[in-house]
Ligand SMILES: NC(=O)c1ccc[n+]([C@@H]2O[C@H](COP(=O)([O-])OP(=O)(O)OC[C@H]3O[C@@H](n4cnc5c(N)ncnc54)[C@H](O)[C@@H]3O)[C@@H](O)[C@H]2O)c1
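Presented below, as structure tokens, is a lone chain in the form predicted alone.
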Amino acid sequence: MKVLITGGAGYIGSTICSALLDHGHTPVILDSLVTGQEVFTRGRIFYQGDIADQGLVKKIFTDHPDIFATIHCAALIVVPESVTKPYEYYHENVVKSMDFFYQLATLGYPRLVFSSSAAIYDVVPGFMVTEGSPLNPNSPYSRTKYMMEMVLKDFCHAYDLQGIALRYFNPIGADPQMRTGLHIKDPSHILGRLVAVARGEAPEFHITGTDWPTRDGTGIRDYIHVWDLALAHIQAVEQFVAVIAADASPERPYSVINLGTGQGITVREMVSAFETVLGHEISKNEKPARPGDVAGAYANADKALDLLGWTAEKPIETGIADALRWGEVRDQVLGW
């Protein structure tokens, strides 16, 4: 089947495209390349442009009328940046996405998989969250994800849309074949920052926030290999009709699914695992929490198993090793 991937030249979107190809499907990429990498689109069907360009979006579906579903990954994603640039985040992630969703409905392409975020969850006792846990988005970035879930839910009720919101936890690693990986020179992702320190591209790793109510005072996360995350999207599009039938009402064809490992790892534990895989300690220092940071959460992923037949398989050590391997080839792949 053909699947439209917005943001398909980004870290997660490009990995999803590789997984689609490996499973016999055809990705069609729409990406503005504001943050994505053109090299990740080579040899693939690619349209450079914005999701808000209605003429371009219409052309894509005219050129490819057999597109089965859309996976919407396009978004700005850096939490601290969203605190200082809320207008940009609300405009890019909410205003443009809202118009794009409506255009999908009017063009008659109703099946939509939305890249949401576990950052919308409130802190709960024990830190494990189900899809029904309380929500409390704590930054402009996370609020854009929450808002778009609400928009998608309402659009699925009012218009001809069917939506699956996949709440990502914390992606790590790279495509195991090293076709794509994290491509930001100054990454905010924890593993990207650890790799930068290990490679001498940053002087030290900052453990930001050490007085959270966790077992060691540092934030707790659920680190999922980006390839496992990509495979969940394959399951979501291949089983889209069945998921909607099983989990949604006819009046509101909308489903929410957590994508995580079901294991909570603190920042200190992540650093320790990284140093074990690396083979030596790195320079690190403790700093206050950054704007928009939260204590964190990890997934109850039972629903993903029940509806998608999916469970995360790659351990954290594999994610770390793949991130280190990507760090060695990144500059060559990206032409930096």
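Please read all numbers here as calculations on a predicted model, not as lab measurements. Residue positions are given as counts along the sequence shown, with the first one as 1.
The form predicted together with this ligand is left out here; the points below concern that form.
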Site test, I12, G49 and A75 vs this ligand in the predicted bound form, non-hydrogen atom cutoff 4.5 Å: yes
Considering this ligand in the predicted bound form, find the one stretch among 165 to 173, 237 to 245, 104 to 112, 214 to 222 with heavy atoms no farther than 4.5 Å from it. 165 to 173
Heavy atom within 4.5 Å of this ligand in the predicted bound form: which of L305, V34, L278, A289? V34
As a check of understanding, the residue in S116, N258, T180, S255 with any heavy atom within 4.5 Å of this ligand in the predicted bound form should be identified as S116
Check whether D228 has any heavy atom within 4.5 Å of a heavy atom of this ligand in the predicted bound form, and answer yes or no. no
According to a 4.5 angstroms non-hydrogen atom cut-off, is K153 in contact with this ligand in the predicted bound form? no
Contact test in the predicted bound form: E131 vs this ligand, heavy atoms, 4.5 Å: no
Examine E81 and determine whether its closest non-hydrogen atom to this ligand in the predicted bound form is within 4.5 angstroms. no
